[in-house]
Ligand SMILES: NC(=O)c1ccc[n+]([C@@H]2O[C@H](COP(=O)([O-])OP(=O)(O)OC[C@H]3O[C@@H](n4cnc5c(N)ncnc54)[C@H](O)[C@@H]3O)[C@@H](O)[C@H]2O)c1
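One chain follows as structure tokens, the form predicted on its own.
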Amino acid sequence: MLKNKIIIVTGGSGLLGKAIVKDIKLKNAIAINAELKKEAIADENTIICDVTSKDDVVNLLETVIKKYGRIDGIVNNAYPYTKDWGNKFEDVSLESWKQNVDMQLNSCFWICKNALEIMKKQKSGSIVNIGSVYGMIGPDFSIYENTGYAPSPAAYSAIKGGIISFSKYLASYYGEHGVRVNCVSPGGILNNQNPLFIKQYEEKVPLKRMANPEDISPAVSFLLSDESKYITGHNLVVDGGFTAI
């Protein structure tokens, strides 16, 4: 139920983004990869876009509308952050905190604001924002012990929690126009991490493994599709049961 839909995926060349783009294409939709890295251009449906740039976002949406005449879906997947993103909480400066909130949460706001007005006029459309289990619960810091990894940044929890709540607000605000807004919140995704980290994480998960990107992408496609036409304001958690215990 995604056939011929026009879907924009921000950060479509990243670990999760690639899987989302691939799954959308497998379901016979047209996936537009909005990607910052110029070397990531794979085909004519890759558009260079810095999601933290107001002008780039506007140009992205205008380009897609000019070419296809509509935007059926957007996946806010891009994940920009500062170089000091991994700092411990006590070492996070106010300036860094503000910058990351601006890069991640505020960029999501700006994309949604502009895209939703287009979808409002169309009287259709679906936005899927990528949240996280750490936007719902506090981190289990024991997972990071003796791994050399810094715990998940405090700003990450604030930003992802904000995105989940913001998505519910938008679902309520735009629902009367036939436009849907939902979240997908993944658990930890396997990405060549330290074996000890993987072991300690998997011990906390009822399904006893970390996610693969391909475990997450079908959930995104589902919320973009007509199969979920009566679902809005929902946070679909894909975490192997991590938040169930």
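Note that residue numbering begins at 1 and tracks the sequence as displayed. Quantities reported herein were computed from a predicted structural model and do not represent experimental measurements.
Although not depicted, the form predicted in complex with the ligand is the subject of the following passage.
Student: Go through Tyr144, Tyr174, Phe166, Tyr156 and name the one with a heavy atom inside 4.5 Å of the ligand in the predicted complex.
Tutor: Looking at Tyr144, Tyr174, Phe166, Tyr156 one by one, just Tyr156 meets the 4.5 Å heavy-atom criterion.
Student: Among the candidate residues Leu207, Val58, Leu26, Ile189, which is the single one with a non-hydrogen atom no more than 4.5 Å from the ligand in the predicted complex?
Tutor: Selected residue: Ile189.
Student: Is it the case that Lys66, even though its partner is missing from this view, gets within 4.5 Å of the ligand in the predicted complex, heavy atoms only?
Tutor: Contact check for Lys66: no, nothing within 4.5 Å of the ligand in the predicted complex.
Student: Test of understanding: in the predicted complex, would Ser132 fall inside 4.5 Å of the ligand by heavy atoms?
Tutor: Yes, Ser132 is a contact residue.
Student: Evaluate Asp50 for contact with the ligand in the predicted complex, applying a 4.5 angstroms cut-off between non-hydrogen atoms, and reply yes or no.
Tutor: Asp50: contacts the ligand in the predicted complex.
Student: Just checking whether Leu15 would be counted as a contact of the ligand in the predicted complex - the rule being heavy atoms within 4.5 angstroms.
Tutor: Residue-level check for Leu15: yes, a contact with the ligand.
Student: Heavy atoms within 4.5 Å of the ligand in the predicted complex: which stretch among 93-101, 120-128, 145-153, 73-81?
Tutor: It is 73-81 that comes within 4.5 Å of the partner.
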